[in-house]
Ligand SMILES: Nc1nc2c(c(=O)[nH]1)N=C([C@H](O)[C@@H](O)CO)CN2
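As structure tokens, one chain now follows by itself in the form predicted alone.
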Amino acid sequence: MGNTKTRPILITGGGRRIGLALAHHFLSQQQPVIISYRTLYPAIEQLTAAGALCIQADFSSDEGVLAFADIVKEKTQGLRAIIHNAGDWVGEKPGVALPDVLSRMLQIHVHAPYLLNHALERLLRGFGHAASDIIHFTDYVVECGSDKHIAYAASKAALDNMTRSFARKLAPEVKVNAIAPALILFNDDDDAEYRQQALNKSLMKIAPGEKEIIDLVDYLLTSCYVTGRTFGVDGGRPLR
């Protein structure tokens, strides 16, 4: 697994929450990081100051996705990993056109990772057995569905399936796995009633924080054997 520290890790949607935590984690290990971001948060400036290459990108169109891939190819000759963290969460509700909901969810969760994996494949290959990784972030709802976010669940299910297809295509040089989280951390404005309701939906009844995801990502990057698998980080929520 040589040359891991000289090749950056690409994190899509790296400006907030789990993506941001992963970026800081890798930077603290002197691991080069490239992130995509849609909106300029203060955290982006902090990441830039810490040494990350932060690239504004619009994944709402295929053209935007491919333009981002072109910039990445200009900036580096190789990638250690691609972590597909960018996401969106839109439900079916009155006043929102259903075709627009479906298109938006498929664009972010299917088109973007599909196109980026193909466009950046060359940057992942050529470094040896199991030397590179792709990690897709899916969702626990892939197993159980969602009556209020049908398009979202379907798009994440497609991404889950692509995990196995890309694992077959890119082995043995590149391992491809998925992480399917449920509640990991709350938003600052979530009230006490909502928090308790959310906690009661899992067997473990906690919001574990980003470290659970960071530890799993570290394991997947270190492994030389695990590929084509989906790892639930959901506190037993699908069993409720």
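Since we're looking at a predicted model, the values are computed, not measured. All residue numbers refer to positions in the sequence shown, first residue = 1.
Below, we turn to the form predicted together with this ligand, even though it does not appear here.
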So the ligand isn't in this model. With this ligand brought over in the predicted bound form through superposition of the site C-alphas, is the pocket blocked (at least 3 atoms within 2.4 Å of backbone or C-beta) or open? open
Heavy atoms within 4.5 Å of this ligand in the predicted bound form: which stretch in 66-74, 187-195, 25-33, 170-178 meets that? 187-195
Just checking whether Gly87 would be counted as a contact of this ligand in the predicted bound form - the rule being heavy atoms within 4.5 angstroms. yes
Do Asp133 and this ligand share at least one heavy atom pair within 4.5 Å in the predicted bound form? no
Is there any non-hydrogen atom of Cys54 lying within 4.5 Å of this ligand in the predicted bound form? no
Though only this chain appears here, would Phe166 touch this ligand in the predicted bound form if you measure heavy atom gaps against 4.5 Å? no
Output the sequence-ordered list of residues from 118-140 with at least one heavy atom within 4.5 Å of this ligand in the predicted bound form. Asp139
